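Before any questions on how it binds or moves, here is one chain, the form predicted alone, in structure tokens.
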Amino acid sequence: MPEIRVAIIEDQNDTRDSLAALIQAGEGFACPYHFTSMEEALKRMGGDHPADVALVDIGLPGMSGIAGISLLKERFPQLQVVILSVYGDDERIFQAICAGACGYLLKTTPPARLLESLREVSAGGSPMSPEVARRVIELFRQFRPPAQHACNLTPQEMRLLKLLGAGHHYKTASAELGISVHTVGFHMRRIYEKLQVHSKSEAVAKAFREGLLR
């Protein structure tokens, strides 16, 4: 298996160094990039060998972590962004997901769970701390459903979206549905087209906003 290359964007030296040491020591990981600001990351991350996953703090000096997500995704389309923050409030969670974050972890996440989350997001999952996942469910329950059922999603596509909204990743969703991971990918491409989105997190967020998931 190829190494999962991780970039850390964190302005606190002790936190950044501890994360780098943890990731570098983890089997199957490399941590070639450590940045103190979003501006530095956008300037210095290698275009030929970018990271696979970026762990991004929100409260950075200069540009915030949330503000920089779309710029990172524009420059490095394959990069999976995971927020790692002390903040777990509704506004920041919602903004991060809408900006394109694939996961949201609190800094209280145990080291073993953090490494597991990096593997999960690299495999197509959307890891969240339990407290954050609960806030996401409560947050999107506040949205009213549309007057009509939108987007013409098939029953299978709806079941898949519900599983992803509940925190499943492609592998566990495929097991629940009794289909292959390849078939899950096919359904996701159809879902992207129908919802007019470009990522799994955007699809789940839009489905909650439009009342497709309750």
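Throughout, rigid core stands for the largest set of C-alpha atoms superposing within 1.5 Å between the two forms. Remember, it's a predicted structure, so these values are computed and weren't measured experimentally. Residues carry their position along the shown sequence, with the first being 1.
From this point on, the text means the form predicted together with the DNA, which you will not see here.
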Check: Given that the DNA is left out here, which of Pro32, Gly185, Gly46, Gly62 has a heavy atom within 4.5 Å of it in the predicted complex?
Finding: Gly185
Note to self: Within 4.5 angstroms, counting heavy atoms, which one of the listed stretches 33-41, 66-74, 53-61, 175-183 is next to the DNA in the predicted complex?
What the structure shows: 175-183
Next item on the list: Decide whether Lys171 counts as a contact residue for the DNA in the predicted complex under a heavy atom distance cut-off of 4.5 Å.
Entry: yes
Next item on the list: Tell me, yes or no, whether Lys200 is in contact with the DNA in the predicted complex, where a contact means a heavy atom of each within 4.5 Å.
Entry: yes
Notebook entry, point to check: Comparing between this form and the one not shown on the rigid core, is the C-alpha shift at Val53 2 Å or larger?
Noted result: no
Item checked: Large Cα move at Glu193 between this form and the one not shown, threshold 2 Å, rigid core -> yes
Check: With both forms fit on the core, has Ile9 moved 2 Å or more by CA between this form and the one not shown?
Finding: no
